[in-house]
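For reference, the chain that follows is the form predicted on its own, supplied as C-alpha cells.
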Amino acid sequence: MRGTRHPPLDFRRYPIHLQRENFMLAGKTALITGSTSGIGLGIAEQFARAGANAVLNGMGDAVEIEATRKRLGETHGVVVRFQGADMSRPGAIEAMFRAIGDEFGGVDILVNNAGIQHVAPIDAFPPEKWDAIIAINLTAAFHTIRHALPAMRQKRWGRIIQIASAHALVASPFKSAYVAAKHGIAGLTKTVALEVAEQGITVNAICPSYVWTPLVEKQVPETAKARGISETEVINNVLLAAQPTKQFVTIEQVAALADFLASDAAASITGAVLPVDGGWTAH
C-alpha cells in the first residue's frame, strides 16, 4: 500500500517457533532480483527467516508467485511483496524503487541476482542475445545500485550483494556475453565499494560455480540428448569437470553466505569477489 511504513519487527507477537529464529535483519527491507525460483528465492527465504521484509522480483506463473509470496510472509512473520519489473528496462526498475520507497522507505539490502544465459561461438552469437544478456546481467545492476544508494546513504547502512559467477573470475568457451557481463559485475562491485566505503555500505560479489537449481536439473537430460552421452556423464564430465570437489554448490550454501554478508559481522568485508566453486578457480 503506497505511503505505508512498516515498523521494526516485534517478534514477541509471533508463535514460539518463530521467536527462536535469528532476527538479526529485523526492520530491514531486502530486494532480491530474479527471486521467483532458484538462488534468488533461496536468498529471499534466508533473509525472511532472519526477520527482513522481502521484495521478490522475477518471472513465472502468477498464481505460483503469489503462493510463494504468501508462504514466505506467513511462515516468517514478515512483509513480502512482489515487483515484476522487467530488469532490461531502466524505467521499470525506477518505478519498482519508487514503489518500494513509498512502502518501506527504501531498500536496505540489495541482491542483484537476475540473469540469463545463451551459449554459442562468438561468430555465431546473435547480437540481440548479447544485448539482452548485458542488459539484464550487468546494466540492470548499475540501475538498481544507483536507485538503492540514496536511502542507504541517508541511513548510513546498506548491503549490496551481487550474485556473480565463477565466470566473473575465469572464462569458458561459447559464453562470451555471460563471461563479459560477470567480469563487469566484478569490476562494478569493486568500484562502488570504494565509492561508499565511508558511508556504512558494503558491496560484495558471490561467485558460485554450478548450483543445483531447477534450471540446471532441466539442462542435464537436454545436454545428454544433444551430446549423445548419459546424464551421469553430463554431470561428471561437463558440468562438474572443473570442480575438484565434484559436487554441485547448493542454493542453501549461497544463501548462507549472502546472509553473512548482510550481517554486522561482515561490516569490514567490502569490495570482495568471493568464489563458492568447489575449488574451480584454484586451478
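Values in this document were obtained by computation on a predicted structure and should not be read as measured data. Residue positions are given as counts along the sequence shown, with the first one as 1. Each form is matched to the other, and the largest set of C-alpha atoms that superpose within 1.5 Å is called the rigid core.
Just so you know, the form predicted in complex with a small molecule exists too; it's not on screen, but the next bit is about it.
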| query | finding |
| --- | --- |
| One residue of Ala181, Val203, Val78, Met87 in contact with the small molecule, assessed in the predicted complex (non-hydrogen atom, 4.5 angstroms) | Met87 |
| Interface membership of Asn57, the small molecule in the predicted complex, 4.5 Å heavy atom rule | yes |
| Contact test in the predicted complex: Val192 vs the small molecule, heavy atoms, 4.5 Å | no |
| The small molecule contact at Ile116 in the predicted complex, heavy atom, 4.5 Å | yes |
| Residue contact check: Ile136 to the small molecule in the predicted complex, 4.5 Å heavy atom | yes |
| Option from 195 to 203, 70 to 78, 142 to 150, 107 to 115 whose residues, in the predicted complex, bring a heavy atom within 4.5 Å of the small molecule | 107 to 115 |
| Large Cα move at Lys70 between the shown form and the other one, threshold 2 Å, rigid core | no |
| C-alpha of Asp61 moved at least 2 Å between the shown form and the other one on rigid core | no |
| Gln247 C-alpha shift between the shown form and the other one of 2 Å or more, rigid core reference | no |
